[in-house]
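Just one chain follows, in the form predicted alone, and it is written as structure tokens.
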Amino acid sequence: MKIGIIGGTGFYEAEGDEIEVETRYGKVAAFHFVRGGRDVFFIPRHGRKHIPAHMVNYHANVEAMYLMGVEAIIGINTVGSMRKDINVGSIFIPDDFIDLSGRKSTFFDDQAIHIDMSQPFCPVVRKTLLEEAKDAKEGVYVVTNGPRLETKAEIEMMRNFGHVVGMTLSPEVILAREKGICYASICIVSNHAAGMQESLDIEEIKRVHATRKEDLISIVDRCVERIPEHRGCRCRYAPEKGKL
């Protein structure tokens, strides 16, 4: 079984051999290594130059995973907390999302495929993450476009229906479902959102990320070894089920 990881620059590049994957949407740099006897493919979401979230080639990244034969993807994301009980430095595993980014979120331009997103994350992969990240918080991830951070008024509005805010979950999660790939996300809470503190310090966000990075990698590594080969979920049938 082949496992994919999509995360920030600097997570797994030193772990394996770099390969280049040609997709319909452009070339993608990936890194291949073995963990627990399984082939793992890591794609740095933002590329070599760490481009901003709204410029990430999400379609190419997910298509590359599909072409490499990946069956399950763990997405690593960084988020801001909109709730006082979700502290900076926490691990957060979303159970749903709201997409306010406005980005194109489909591979299907020439046919009507209506993907079921009532359970947006693979229940098996997500359960494995929760079992390994025992103190993780759960809730709704609100996706914004960026690259700017949100205003206090926006956070006040989004707090009514979400728990954390970030820029990279969508369309990644949707595109994975369209390819029939199991997908779940694990997040580092790097800051409190606007209005919950006097100002947002980018250097502090970097420090929190660096402090929790190794803990998160350890969790993901254990999950890679534990994700069942036969999962019994319905993720891979989603494209066929969505046809009119």
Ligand code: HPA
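Predicted model only: the values in this text are computed from it and were never measured. All residue numbers are counted from 1 along the displayed sequence.
What comes next is about the form predicted together with the ligand, which does not appear here.
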Item to check | 4.5 angstroms heavy atom contact with the ligand in the predicted complex for residue 205 | outcome: yes
Checklist entry - Though only this chain appears here, would residue 175 touch the ligand in the predicted complex if you measure heavy atom gaps against 4.5 Å? => result no
Checklist entry - Taking heavy atoms only, is residue 144 within 4.5 angstroms of the ligand in the predicted complex? => result yes
Next on the checklist: in the predicted complex, is there a heavy atom of the ligand that lies within 4.5 Å of any heavy atom of residue 166, even though the partner is absent here?
Outcome noted: yes
Item to check | Candidate stretches 54 to 62, 214 to 222, 186 to 194, 38 to 46, one within 4.5 Å of the ligand in the predicted complex by heavy atom | outcome: 186 to 194
Next on the checklist: Using a 4.5 Å heavy atom cut-off, which residue among 80, 75, 162, 171 comes into contact with the ligand in the predicted complex?
Outcome noted: 80
Checklist entry - Only one of 140, 149, 124, 130 has a non-hydrogen atom within 4.5 angstroms of the ligand in the predicted complex; which is it? => result 149
